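First, one chain by itself in structure tokens, the form predicted on its own.
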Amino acid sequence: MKILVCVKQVPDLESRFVPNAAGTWFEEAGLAFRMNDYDEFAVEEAVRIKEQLGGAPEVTVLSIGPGRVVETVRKAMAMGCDHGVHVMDQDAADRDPWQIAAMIAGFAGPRRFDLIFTGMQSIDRGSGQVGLLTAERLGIACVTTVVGFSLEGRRATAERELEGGARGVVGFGLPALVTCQLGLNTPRYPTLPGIMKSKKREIECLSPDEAGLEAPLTMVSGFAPQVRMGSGTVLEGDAVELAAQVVALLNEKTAVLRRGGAQ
């Protein structure tokens, strides 16, 4: 059995974000980067299956981005992945989901993976489209927002998180792609021996064209920080006092109670 897990390196959300000069994304200088939260669950689930099956499956981790994403690939290898693949793409932040899916599918297609794990979405763009598009391009089953997973032979069962707190259970055959939701498992911390081994392992490097890059279907027209609105006003008191305060505010800030242009 062959397993692929796709990870993305994202900025820490505690960072201060400002638009870049082109106004298409944020300025990366000075930001701290780490593995996408949802992808940590994907890595953990892939490694658990490997352990469940006695270490027989080979787990490959793939990431697309500039040179810094190698750190994230090595973290996944330290967690238990066997092979690392880096698609060296300095313009990854400008790629739309179709292009990212094209590169993942271009790599995965000829290698015929039995299972592909991705995060449900990334915490920076949050499109939730890459996994779906990759499965569509590969022509394999796709199960999304998975919070429970089990595998027996070539059949898998997944529990999906639905709207309103409902859960759905889906059975499907391999090959398949699964997008992982928060709570699927508890991601492990890389051990020191795992970290040391990951530093010695060779990581395969591909160019975007070698991976199968295609033209985009969408383009970013603008990127700007959220406009901060004024703070609200909290009124306190009994019903009579509150009514008087509301009338006073309406008189002061609006023309709702005015007639003929005079108070």
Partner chain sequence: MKTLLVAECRQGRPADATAELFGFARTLGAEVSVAYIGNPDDLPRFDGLVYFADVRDSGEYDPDVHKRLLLQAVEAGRPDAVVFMHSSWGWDLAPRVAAALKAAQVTEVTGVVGEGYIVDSCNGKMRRTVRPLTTTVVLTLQPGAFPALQPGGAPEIHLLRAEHGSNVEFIRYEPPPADGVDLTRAEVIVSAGRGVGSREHVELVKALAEALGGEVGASRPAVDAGWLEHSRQVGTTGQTVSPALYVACGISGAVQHLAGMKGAAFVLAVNTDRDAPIGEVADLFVVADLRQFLPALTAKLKR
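What you see is a predicted model, and the numbers here were worked out from it, not measured in a lab. What we label the rigid core is the largest C-alpha set whose atoms superpose within 1.5 Å from one form to the other. Numbering follows the first chain given and starts at 1.
Unshown form predicted in complex with its partner chain; subsequent notes refer to it.
Student: Does any heavy atom of Glu163 come within 4.5 Å of a heavy atom of its partner chain in the model of the complex?
Tutor: Close contact exists here: in the model of the complex, Glu163 approaches its partner chain to within 4.5 Å, heavy atoms only.
Student: At the 4.5 Å heavy atom threshold, is Leu217 in contact with its partner chain in the model of the complex?
Tutor: It does: once its partner chain is placed as it appears in the model of the complex, Leu217 has a heavy atom within 4.5 Å of it.
Student: Are any of the heavy atoms in Ala29 no more than 4.5 Å from a heavy atom of its partner chain in the model of the complex?
Tutor: Judged by the heavy-atom cut-off of 4.5 Å, Ala29 is well away from its partner chain in the model of the complex.
Student: Is Ala22 one of the residues lying within 4.5 Å of its partner chain in the model of the complex, judged by heavy atom distances?
Tutor: Judged by the heavy-atom cut-off of 4.5 Å, Ala22 is well away from its partner chain in the model of the complex.
Student: Quick one: find which of 131-139, 102-110, 69-77, 83-91 has residues within 4.5 Å of its partner chain in the model of the complex by heavy atom distance.
Tutor: Among the listed stretches, the partner-contacting one is 131-139.
Student: Where, within 4-22, is there a heavy atom within 4.5 Å of its partner chain in the model of the complex? Residue list please.
Tutor: Sequence-ordered list: Leu13, Glu14, Ser15, Arg16, Phe17, Pro19.
Student: Superposing on the rigid core, does the Cα of Leu249 end up 2 Å or more away between this form and the one not shown?
Tutor: Yes: Leu249 shifts by at least 2 Å between this form and the one not shown.
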